[in-house]
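Consider the single chain below, provided in structure tokens and representing the form predicted on its own.
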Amino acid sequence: MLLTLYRTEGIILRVRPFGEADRILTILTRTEGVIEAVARGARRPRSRLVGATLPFTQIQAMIFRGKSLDNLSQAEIVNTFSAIREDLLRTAYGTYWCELAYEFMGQRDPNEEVYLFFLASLLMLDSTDDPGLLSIYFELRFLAQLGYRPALDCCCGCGKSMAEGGAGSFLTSSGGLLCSSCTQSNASGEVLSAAAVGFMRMLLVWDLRKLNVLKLPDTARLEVKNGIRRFAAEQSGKPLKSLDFLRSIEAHM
């Protein structure tokens, strides 16, 4: 059988052991989407692939395409994102982002725009003074880019236009707001304040490079954080394992 060799840029989302000395890598690539590849001998201390097969690492890779699993032939490190791995809170955020990418992006479904956004967000996570705000931004925009944009401009119950900045309920199942009339007949909604609704609308159009100038009351920030995480869990259809770890770290910060 003729093996196909391809070159791509990628970010390591997940690493798990395989056999006695190998690793299976889940990689978000720029040209192939999410793939899984075996890194032969990567768990051996002297392997040339040790440093290139750690979570969050950005690599330039040569890969042989396989039937079920690809094989990593060569890998050159572009960025290690060491500040993320060396800080427990940043690690928790990064791990959560990687799980979102794994759960919401299809295998071998390339999306260069999403890849570049993920990379830009990791670069900022590596240095930002406010990783919590960055994560809220990332979660909302990442899901929106993949077609899971919350409906914030009209009522998901009756279709009525929602007043700019008006409060409503953020429904995880339908992914949007309810007007005051529809809220009364639906018990599953999580009420968001006008400040929280306005903040979500603003984040959907805000430039990532200017995120550090945003200010938001702690109460509204907490509303948005909890709302978007519930929304993500609902849309994924199963619990997000890394979210429990993230919440436990946040609780001690």
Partner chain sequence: MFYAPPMARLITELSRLPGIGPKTAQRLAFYLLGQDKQDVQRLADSLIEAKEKMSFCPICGHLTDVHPCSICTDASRNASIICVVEGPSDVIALEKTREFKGRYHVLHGAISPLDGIGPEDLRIRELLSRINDDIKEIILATDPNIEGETTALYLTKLLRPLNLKITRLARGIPVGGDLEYADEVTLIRALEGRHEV
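Positions refer to the first chain, counted from 1. Worth saying up front: this structure is predicted, and the values here are computed from it rather than measured.
Here the subject shifts to the form predicted together with the partner chain, a form of this protein not shown in this document.
**Request:** Decide yes or no: are F56, R85 and T91 jointly within 4.5 Å of the partner chain in the predicted bound form, with each residue judged by its heavy atoms?
**Result:** So, yes: the whole triplet contacts the partner chain.
**Which of 28-36, 201-209, 63-71, 47-55 sits within 4.5 Å of the partner chain in the predicted bound form, heavy atom basis** = In the other structure, the partner sits against 47-55.
**Prompt:** Any chance L146 has a heavy atom within 4.5 Å of the partner chain in the predicted bound form?
**Reply:** L146: no contact with the partner chain in the predicted bound form.
**Prompt:** Do T95 and the partner chain come within 4.5 Å of each other in the predicted bound form, heavy atoms counted?
**Reply:** Result yes; T95 sits at the interface with the partner chain in the predicted bound form.
**Request:** Answer yes if any heavy atom of K238 is within 4.5 Å of a heavy atom of the partner chain in the predicted bound form; otherwise answer no.
**Result:** Close contact is absent here: in the predicted bound form, K238 is far from the partner chain, nothing within 4.5 Å, heavy atoms only.
**Asked** Might E139 be said to contact the partner chain in the predicted bound form, defining contact as any heavy atom within 4.5 Å?
**Response** E139: no, not in contact with the partner chain in the predicted bound form.
**Asked** Hey, which residues along 233-253 are within 4.5 angstroms of the partner chain in the predicted bound form, non-hydrogen atoms only?
**Response** The stretch touches the partner through K241, S242, F245, I249, H252, M253.
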